[in-house]
Ligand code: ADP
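There is one chain below, alone, in structure tokens, taken in the form predicted alone.
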Amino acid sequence: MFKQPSNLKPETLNPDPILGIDLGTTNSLVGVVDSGFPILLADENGSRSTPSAVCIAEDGTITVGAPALRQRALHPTRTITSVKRLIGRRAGEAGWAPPYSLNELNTTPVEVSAEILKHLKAVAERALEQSVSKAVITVPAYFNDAQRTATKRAGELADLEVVRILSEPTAAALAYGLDKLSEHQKVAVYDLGGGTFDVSVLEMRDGVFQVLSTAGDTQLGGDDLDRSLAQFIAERLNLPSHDIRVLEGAEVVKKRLSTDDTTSFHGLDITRAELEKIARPWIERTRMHCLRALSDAGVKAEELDEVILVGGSTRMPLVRDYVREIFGREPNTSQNPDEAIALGATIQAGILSGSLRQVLLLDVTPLSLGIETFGGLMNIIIPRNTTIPAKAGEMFTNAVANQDSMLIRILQGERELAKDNWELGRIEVPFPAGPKGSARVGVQFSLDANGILHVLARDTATNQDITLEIRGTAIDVEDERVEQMIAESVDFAFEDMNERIWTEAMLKAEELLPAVDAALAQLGDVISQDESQNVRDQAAQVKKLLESVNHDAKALKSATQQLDDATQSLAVMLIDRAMEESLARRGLV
């Protein structure tokens, strides 16, 4: 492991160092590369770990870290903890009610996170004896665009240029794999922290780290177990479960029972068996994410070279037992689970600053990105698990005549219908009104290395560009849907696909029927009565199926195809008539 020096001499550092920061739910850490080695920096008390706590006094004075955490028992409504669970989210979406109100404290999750980052920046500048202005900051792999953007904004408020937003499992793999760059390995990173859970499968080959898949839950962590244990303790001691002293005691009990079989709180004996009974439903929630990550990566558990544990909650024996059972192998505990992410962030910062040899990180987007198309369908432009940075685009046209603009709804998710996915934002592109299919609008998605989305829409007739950066946009559904999205796409796969097939068939049928009516009106005196009646019967069957509430996609496709086949001769006759009329106008017949 790496030893923390008392101070670092500036001459051994890159003249423009980049900090590596783990902005955690419970604790945060900062590091830098010195003389080719990643080192985590300690504060004036010798602690490398800073509690992610901010206390705002009545007079507006702000304290951060351990001094703030000590104020929690006396001023629970003024001491902010676990703010990572709130960043980039709407009020009420976090799934838990903190004892404080940010509105009453006249602050925001971004501003609170910025105070923590300011403190870490000061710790670094004290240790380095020089100013710093750049940082790599880690976030859970399953943080959505709004949460990533809000984290980046917090860095900017702390006077830091955020040169990279790095996924936490990727950072952990970097910390584990820096000395294994010449090997070819597949590893799973199981990251259970204070407020979030991530699992990722990565492949390391010749200095390239590629994320094969990622899954997780942005509302699952040690905080949840603390509250469940606090409820258990409160019921037995006849105390209010929301008492902050009970919650703090529950956290202490949890940590003690990671090494001891029994401990006590206010005279109440609590055993590890009792804790594990409370914890089983909590830890079981990670299983489906692990299995999904393996499935998405196309990797069997036995094909993994390592399973790496990250996050303080993985110190619990029960967690390690579950990981052993799920992956069928002994987890790798060689890294300090509390420091691995910060170490990885520091390594990445060193790579970007030129202080370490180049290692290529290939991260992925956890959910598909696309737009809504005519009929309410989701058209995917960047599929999930696409390596980022990434860029892709498509051309779209107007679906109806005399349309003078196109509303582009930017979506994220895995469902077939637009209404079942999240809307990230929208752009309206104006263009000259014209016949159906006359407009041409190009849409390009660009995902940068931070996983932040940039959208460009261009009317090819005028070459007018409209751009949108999905920055701080609140998603129109609760964030709990993040983790449910892929599961729902599997659960509703048959229904969704049938609805997509039905919608596509419906659009074709609705386009074909008016054309058939027009053809019959023009050629009624040319075709036989039998042929005309056959076409009308086929059209009536299509109309009947369209009006049916059963949405039989297969039957509608078949009926539409039969109508299309029955009108082939009409189409030929219409073309011949049009050619004759054209020649006649030109005096050639």
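Computed from a predicted structure; not experimentally measured. Start at 1 with the first residue shown and count on from there.
The form predicted together with the named molecule is left out here; the points below concern that form.
Interface residue among 194, 249, 155, 370 relative to the named molecule in the predicted bound form, by the heavy atom within 4.5 Å criterion: 194. Checking 415, 72, 121, 254 against the named molecule in the predicted bound form, a heavy atom within 4.5 Å turns up for just one residue: 254.
Taking the partner from elsewhere, residue 258 is found to have a heavy atom lying within 4.5 Å of the named molecule in the predicted bound form. Within 4.5 Å of any heavy atom of the named molecule in the predicted bound form lies no heavy atom of residue 177. Taking non-hydrogen atoms only, residue 223 approaches the named molecule to within 4.5 angstroms in the predicted bound form.
With a 4.5 Å cutoff on heavy atoms, residue 138 does not count as touching the named molecule in the predicted bound form; it lies far away. Note that among 310 to 318, 447 to 455, 290 to 298, 263 to 271, the stretch whose heavy atoms approach the named molecule to within 4.5 Å in the predicted bound form is 310 to 318. Contacts to the named molecule in the predicted bound form (heavy atom within 4.5 Å) from stretch 23 to 59: 24, 25, 26, 27.
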